[in-house]
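Here's a solo chain for you in structure tokens, the form predicted on its own.
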């Protein structure tokens, strides 16, 4: 079977010593499944590359699995752990430079420190941007203090992949229902809400060339574009934006298909945002590479659109 060339962007690894940060996420997974996940997260060779080859994934951008340094409560420690993580990843990428690239882990506890580590990762390590696991100890990046970070990111012309995490304060509506507070629902609500904070606080007006990537078919945002415009026109609360809210979703905010292998959802996202705003991804190793590859190859699209989604958009945004 001849596979369509693909690039994947939400593909995770576990750096040595980072397992403690992820314990809260992973403790609920069946022990046998978790053992397999641990093996895949630690592998950068035959297992990972073998799956890529079988799926036609030519190139993968790797990122530390969540919550990573966003789970570190000590600011100084977070700086050191981010550097440690990025140096470890750079060494793995150097072993397979035609197959792997990296997204930086960032100590977002301090905007300027995070900007400095991003610049080091991009200019010295060759990384393609950053993946940040949501808020950092309850700090969201629409805070004006983060303008220093966004300014640097725009100068570097690299994207941030805004990845899910737990809500800082668990909403009461989830009480007694852990099955919806995390990956199945709550993480998407948390991440989409964070992206909307950036949008409505004017971050994209101040830094119009920024690119934020959301996984999981955009955490639901593409399908609410019309309503954002309709209700913001009535309930703006004095906020002024240079454009309609929907105009930022598809330009400053782009999405990947990671973890949502639904042809109907894909077609809806493309119809809402345009073919240049949707990128293929798997969410390795938490989702099936084979299922994701079969889905994107069989979904009803014309060849030009499929090429953009599978690899063209990633090549443009990441300058591959």
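Numbering follows the first chain given and starts at 1. Model, not experiment: these values are computed from the prediction.
The protein also exists as the form predicted together with a further copy of the same chain; that form is not presented, and the subsequent description refers to it.
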property: Proximity to a further copy of the same chain in the predicted complex (heavy atom, within 4.5 Å), stretch among 258-266, 39-47, 65-73, 52-60; result: 258-266
property: Triple contact flag 161, 205 and 244 to a further copy of the same chain in the predicted complex, non-hydrogen atom at 4.5 angstroms; result: no
property: In the predicted complex, the residue from 174, 88, 100, 150 that sits within 4.5 Å of a further copy of the same chain by heavy atoms; result: 174
property: 4.5 Å heavy atom contact, residue 178 to a further copy of the same chain in the predicted complex; result: yes
property: Residue 193, heavy atom within 4.5 angstroms of a further copy of the same chain in the predicted complex; result: yes
property: Residue 92: touches a further copy of the same chain in the predicted complex, heavy atom cutoff 4.5 angstroms; result: no
property: Distance check, residue 250 to a further copy of the same chain in the predicted complex, heavy atom within 4.5 Å; result: no
property: Residues within 4.5 Å of a further copy of the same chain in the predicted complex, restricted to 27-54 and counted by heavy atom; result: 28, 29
